[in-house]
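Just the one chain here, laid out as structure tokens, in the form predicted alone.
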């Protein structure tokens, strides 16, 4: 049985989530106060309704507490975003993800119990910045304030060396969880696997450890 999601706010961010979930075969209830936006998603989402989610009775009538995960993607009305999140929490929704506009908005959302808070513009900015400043970083995903997952490009220093010889975990405290080699994805690579120049190493570790790994092992001489 597919999971049931609700997406509140069908702007650029919420709309893209709604489309992705629907394409993945999930049941999606799409909600927006704007009739034009709702009509746009009427043939994409499982159900699309015009509703004011700052009204508790409206949320109850939609059976919102029965949905496993609600994503609040209201982008242009902080008050509506905060009040909607608060009502969802009071109604007992299991998981609530909210788009934050700024740091103040995030602090309020944390206090009222949002399970996950997303800063789309800030997060994308961080990812692009890491790619720009380092030729070794293919992609970057922040997991917490101290830990990240990165895609690192193997250079000549790593060519034909096995993971056992490199001993990345012991030397740098980082874990190579997968390797992308052309069209192939090698998950949980074995210690005797030889790295090839140009391989994409998917690494999880502390930010300081990843920086050290990049400086010592990935920079071409």
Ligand code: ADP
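Keep in mind that this is a model prediction, so the values were computed, not measured. Numbering follows the first chain given and starts at 1.
The next section is about a form of this same protein that is not shown, the form predicted in complex with adenosine-5'-diphosphate.
Original post:
Mind checking whether each of 53, 76 and 80 has a heavy atom within 4.5 Å of adenosine-5'-diphosphate in the predicted complex?
Top reply: Checking in the predicted complex: 53, 76 and 80 are all within 4.5 Å of adenosine-5'-diphosphate.
Original post:
According to a 4.5 angstroms non-hydrogen atom cut-off, is residue 69 in contact with adenosine-5'-diphosphate in the predicted complex?
Top reply: It does not: once adenosine-5'-diphosphate is placed as it appears in the predicted complex, residue 69 has no heavy atom within 4.5 Å of it.
**OP:** Considering only heavy atoms, tell me if residue 34 and adenosine-5'-diphosphate come within 4.5 Å of each other in the predicted complex.
**Re:** Residue 34: yes, in contact with adenosine-5'-diphosphate in the predicted complex.
Original post:
Using 4.5 Å between non-hydrogen atoms, is residue 210 touching adenosine-5'-diphosphate in the predicted complex?
Top reply: Residue 210 lies outside the contact set for adenosine-5'-diphosphate.
**OP:** Spell out, yes or no, whether the shortest heavy atom distance between residue 11 and adenosine-5'-diphosphate in the predicted complex is within 4.5 Å.
**Re:** Flag for residue 11 set to yes.
Original post:
Based on heavy atom distances of at most 4.5 Å to adenosine-5'-diphosphate in the predicted complex, which listed stretch, 174 to 182, 44 to 52, 154 to 162, 192 to 200, is the contact stretch?
Top reply: Checking each option against the 4.5 Å cut-off leaves 44 to 52.
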